[in-house]
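Next up is one chain by itself, shown in structure tokens, the form predicted on its own.
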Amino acid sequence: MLNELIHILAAAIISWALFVTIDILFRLPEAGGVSGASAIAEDITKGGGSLHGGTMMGNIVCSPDASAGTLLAACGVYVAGIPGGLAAAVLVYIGNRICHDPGYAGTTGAVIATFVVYGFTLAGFAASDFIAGTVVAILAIQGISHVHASALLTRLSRWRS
């Protein structure tokens, strides 16, 4: 039981680092890629949060981005290994097209997450550890504090500028 909790915590940290890095590389904090992201960012800003981090959080909510790609890839690897993860990436790509999302952060995140999750299964982790870990990581960004999460995401995104 304790070993499983440690795996889920490690998977949460790995998933968080993976999808935040990909979202920042795709410049999601700079502007809302889909309708709704800017509205969420403005609302977070009105509540005392940061605009750029709020924009990234809005993108996470409104379109399949790297966090959704990571979660779906973990589910795909759980069901069918690497082919399942890549099938999840195709679904994320279709989701991006449906949302008129001009970026490819979600698809890229799903492809990379497929290989990361599968690689960790070879090291003793279960794909289900990453399913739970990714949910924890997404909740850490979206569910604990919009003000603090948006400020952290803004700080992390500054290294690109």
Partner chain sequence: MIALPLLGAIAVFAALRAVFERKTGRKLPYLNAMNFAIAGSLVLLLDHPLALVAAAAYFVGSTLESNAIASTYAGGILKDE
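On a predicted model such as this, the values are computed, not experimentally measured, just so you know. Positions refer to the first chain, counted from 1.
There is another form of the same protein, the form predicted together with the partner chain; it is not shown, and what comes next is about it.
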* Asked: Counting only non-hydrogen atoms and a 4.5 angstroms cut-off, does residue 63 reach the partner chain in the predicted complex?
  -> yes
* Is residue 67 close to the partner chain in the predicted complex, meaning a heavy atom pair under 4.5 Å apart or at it? -> yes
* Does the 4.5 Å heavy atom contact test between residue 30 and the partner chain in the predicted complex come out positive? -> no
* So in the predicted complex, does residue 51 come within 4.5 Å of the partner chain, heavy atom to heavy atom? -> no
* Identify whether the partner chain in the predicted complex is within 4.5 Å of every residue in the set 35, 128 and 132, based on non-hydrogen atoms. => yes
* Structure fact -> Across 37-63, the residues having a non-hydrogen atom within 4.5 Å of the partner chain in the predicted complex turn out to be 39, 40, 43, 44, 47, 60, 61, 62, 63
